[in-house]
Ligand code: HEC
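In the block that follows, a single chain appears as structure tokens, in the form predicted alone.
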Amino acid sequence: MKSAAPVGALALIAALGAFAALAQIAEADRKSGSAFMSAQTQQMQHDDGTNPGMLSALDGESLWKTKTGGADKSCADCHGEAQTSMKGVAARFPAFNEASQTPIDLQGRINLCRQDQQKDTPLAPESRDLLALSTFIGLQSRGMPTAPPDDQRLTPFRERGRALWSQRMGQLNFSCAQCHEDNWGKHLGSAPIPQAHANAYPIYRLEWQGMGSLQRRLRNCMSGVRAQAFPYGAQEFIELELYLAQRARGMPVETPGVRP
């Protein structure tokens, strides 16, 4: 999803905003964000030797094996080898959390384990360690289909995420759907508009020169339409993530993705 647009693109954004959101993208027409990248950036993602996100995955592997907290336990002490126990896990998040009776994303699940099982303080949003663990766990699902849970308890939350996706917001009075469903493949300035499928997070973004979560990308989009961004961890973001997971159902996980 696009971040704040350059001034030269604001007129185009306003023009696009004049159109109402149309139907969802047909399954046969769905494309990963990687399909809209240059060949050079695609090659960077596909080659583990040049994908900068793999450095975060390596950090995550080290953290997976590191004992921490009052319980002096590592992730591996409970889950064993991540290559086996975490295979397919990231593809199934967000998921319903019994304790809170609300959905939780993968980073939230990591912090719950850290707090409840390791007796340690939660990792801060967008912190290097939280992104590293998320990337390492996500890597274990790479190539597997995005598979959001078929759990009826998630339905009302997912529907709120769907509504937020289509809701106009900000000074530009623009919705996610107007950009990424009605106008994908067009350009804002020199940048192509992707379909915004969330199947590659955490990603390494060249603009950021570092890793970032899906929530960071969503906050960028909200800033782009001049809206007040929700705080990290907000229920609205989890609900939007739920809808985006459903929207990307069956698309292969690409973590760690690389984007411009």
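Numbers for residues come from their place in the sequence shown, where the first is 1. Since this is a predicted model, take the numbers as computed values, not measurements.
Quick note: we don't show the form predicted in complex with the ligand, though the next part is all about it.
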With the cut-off set at 4.5 Å between non-hydrogen atoms, does Met86 touch the ligand in the predicted bound form?
-> yes
Hey, in the predicted bound form, does Gln140 get a heavy atom within 4.5 angstroms of the ligand?
-> no
Contact flag, Pro194 vs the ligand in the predicted bound form, heavy atom cut 4.5 Å = yes
Can any non-hydrogen atom of Ser175 be found within 4.5 angstroms of the ligand in the predicted bound form?
-> yes
In the predicted bound form, does each residue in the set Asn51, Ala91 and Phe157 place a non-hydrogen atom within 4.5 angstroms of the ligand?
-> no
Give, in sequence order, every residue of 71 to 100 that has a heavy atom within 4.5 Å of the ligand in the predicted bound form, or say none if there are no such residues.
-> Lys73, Ser74, Cys75, Cys78, His79, Met86, Val89, Arg92, Phe93
